[in-house]
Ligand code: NIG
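In structure tokens, one chain follows: the form predicted alone.
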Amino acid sequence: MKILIKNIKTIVQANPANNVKVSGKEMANLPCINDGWISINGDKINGVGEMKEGMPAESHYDHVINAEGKFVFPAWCDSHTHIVYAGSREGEFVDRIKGLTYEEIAKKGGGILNSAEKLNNASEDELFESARARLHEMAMNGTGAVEIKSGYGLSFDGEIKMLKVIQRLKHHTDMTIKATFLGAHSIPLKYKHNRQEYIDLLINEMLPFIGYEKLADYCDVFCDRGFFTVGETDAILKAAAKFGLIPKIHANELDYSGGIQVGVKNNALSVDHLEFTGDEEIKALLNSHTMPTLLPSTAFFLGLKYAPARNMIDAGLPVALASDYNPGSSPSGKMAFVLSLACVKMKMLPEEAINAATINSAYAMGICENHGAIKVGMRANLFITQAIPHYNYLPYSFGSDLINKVIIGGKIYKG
């Protein structure tokens, strides 16, 4: 299919450079083209320019879209989600209102263990259909690429079932999907008094099977207070590397856990959450290729403190943003709201937030060579806004539906 978008008020993240990420002060720079056009052939962008310089003949295209007064963005890259799950956890939402903490809920069998019980009782088909509905919801909100984690199985069969669902999703959508093995999400109740036995199961049985069957791209560990230690995390990531699984880490959501440092030590592609990030953590990240990924909707929903995005960017770091869409701590995949939280609660400029949710989050997914920007040769994952005055309006108007059309893989998305 050939698509031409003309009379675009502003093309956002029109990136002619070969940047794979932006860091520090550069995050405030957002390349744009005013009064522009974009042409799409198949699943790739094959032309970008200004109207005054002329555009291809409309007769050469199957669809011509007049985007007068509208903005075109690269589709969001959501680099941290848990959208394969069974059932919701609104009961815990009420528990938190009554004053229970995230850790207190977990200790009484709630949280991750609650989702694990429900998931192990659900069929693969049930998980697939519910996750596909969530993908559709995310796509309609402008997301074109998603990283999906396992981690609610916490058993050999449960984890493999989740990863197989993710593989099925890849074959039933034009969205770009990356799969992450997160068997080290929590210690199951069965292994509460023998956690090493569960870690041995992860390393000696789950990882070899997942590696042989090529069921995942990445391996994640929840390295934080009350979950997995630095030593356990290091052992799991080193074992995963033997099977070609690139490290990612849940780190420093609940405390200064050492998760950031062990992630950097293992060349993690990203370390995520980072509410507890100080000078030592920033120093470790500055000397690495690891992307700090912030999840402000989780802090919003759980009432946690927000990650120190301003300190991180001012120190010269890159920052990515993701939704953490999951049933317990962030039951939403709406990236525009994530940007609003980043601006309001973490004092990120709109330009920084947009960079964090496009080019930098594409880096955090390992897909920055063809996602996260609008230029020739990139995958045609875009969204067109309603008529709006400025790109700042998108995070400003946090309650409005501002998306007019979504294009994923060069196709006008209809679900």
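All residue numbers refer to positions in the sequence shown, first residue = 1. Source: prediction; values computed, not measured.
The same protein also exists as the form predicted together with N-(iminomethyl)-L-glutamic acid (NIG); that form is not shown, yet it is the one meant from here on.
- At least one heavy atom of Y102 is located within 4.5 Å of N-(iminomethyl)-L-glutamic acid (NIG) in the model of the complex.
- A residue is said to contact a partner when one of its heavy atoms sits within 4.5 Å of a partner heavy atom; G328 meets this definition for N-(iminomethyl)-L-glutamic acid (NIG) in the model of the complex.
- Although the partner is absent here, Y218 sits far enough away that none of its heavy atoms falls within 4.5 Å of N-(iminomethyl)-L-glutamic acid (NIG) in the model of the complex.
- Under a 4.5 angstroms non-hydrogen atom cutoff, N-(iminomethyl)-L-glutamic acid (NIG) in the model of the complex lacks Y198 among its neighbouring residues.
- Shown here without its partner, the chain carries D78, K178 and K248, none of which come within 4.5 Å of N-(iminomethyl)-L-glutamic acid (NIG) in the model of the complex through any heavy atom.
- Only one of V264, A139, I112, L127 lies close to N-(iminomethyl)-L-glutamic acid (NIG) in the model of the complex, with a heavy atom inside 4.5 Å, and it is I112.
- The listed set T298, T290, T143, N252 contains one residue whose heavy atoms approach N-(iminomethyl)-L-glutamic acid (NIG) in the model of the complex to within 4.5 Å, identified as T298.
- Considering N-(iminomethyl)-L-glutamic acid (NIG) in the model of the complex, the lone stretch of 81 to 89, 308 to 316, 165 to 173, 228 to 236 in range is 81 to 89 [heavy atom distance within 4.5 Å].
- Contact annotation for 300 to 324: a single residue, D324, has a non-hydrogen atom within 4.5 angstroms of N-(iminomethyl)-L-glutamic acid (NIG) in the model of the complex.
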